[in-house]
Ligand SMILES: Nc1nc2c(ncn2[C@@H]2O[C@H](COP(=O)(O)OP(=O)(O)OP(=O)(O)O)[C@@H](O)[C@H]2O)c(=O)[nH]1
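As structure tokens, one chain now follows by itself in the form predicted alone.
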């Protein structure tokens, strides 16, 4: 076996040198980073050491492939700069792949190698070969550790290359979009719609048979996008189902408008739907919370029960058992605390005709709303009322929560007027609010 060492700037530079010196059957045994030059080990230049080898005949000449079995390797062409960044990346990836395959081939050859038959060498020569064998074996470098540091470095660099290529491909795809499509995606991003739903919307638009016409017609594109979002949300419409419930508990953080929302629903059910309503409040932590709900109860002429413990909660429901609908307010607590979540849940009555509804403010960011919602979702809460619609122009958080966590929106609340400033959630109206009208400017 003939072994040679090369010091080059990069592995691809060594390939033509190896082919010229060792032939087309040569393989790379190992590569490693070294530093050359410098002073006292410092300021050295980073280089790559490449160890290559080729099997040889007994006379020491490099073995060439037998005639008729394979074509001779063409002479090495001088390296030329990559025409594009993509060509450079592809060449680099091919070189790494070839190196790993070569390492595997070397291991297979070394594992399968057999000593020559004893009869083929005269006794004196055999003894000399035997005595020289350790020296020859010592001069051959150990096979590369394909499962060690070298492979990990190659894998990390390959991952980096693939990530860069994906980003380049995404940028090229973005550049190929028409102005109306870019404007639509910008609108979705401004509304803080998560990237996964922006990409889903774009994919469904591109799959439409008339996408080429839509892509150049902003108004038609907006109409189609609203239609798709409406279709996503229609399965979650369910305010009509909530109207048939006997008891509804309202939970949520402080300041989202639980008490005002309860008053709106109580007034709507009492004045418009002619149902008898009873109110319960467990919000004894906030100053004047009980007085606020009592004022609404007196105006509507409905009874109000105040509870401080789970035992009193059961008594309050018993006091209002003749009412067609019972609405219960709870204290706004720290919903990052599992202890306080369990405390609130202990006050709630369970049953087939009862429901717990999470109240969230649209003025909060999606991440903050998720922090509040997830503990309740884990306890089986899957319905919500979104408030303060009139205090924000960003509506994407509702879409994110509904699609990501399957949270069913029952009502949208806006303003302080009781009972007018609340309405059942409608997917068509929401999609129009989310996207707005197409801006020709």
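Positions refer to the first chain, counted from 1. Fair warning: this is a prediction, and the values are worked out from it, not measured in the lab.
Beyond the structure shown, there is the form predicted in complex with the ligand, which is absent from this document and is the topic of what follows.
- Message: Please tell me which of 178, 156, 254, 284 lies within 4.5 Å of the ligand in the model of the complex, judged by heavy atoms.
- Response: Of the listed residues, the single hit is 254.
- Is the ligand in the model of the complex near all of 292, 388 and 413, within 4.5 Å of a heavy atom of each? Yes, each of 292, 388 and 413 comes within 4.5 Å of the ligand in the model of the complex.
- Message: Can you tell me which of 255-263, 364-372, 225-233, 270-278 lies within 4.5 Å of the ligand in the model of the complex, counting heavy atoms only?
- Response: It is the stretch 255-263.
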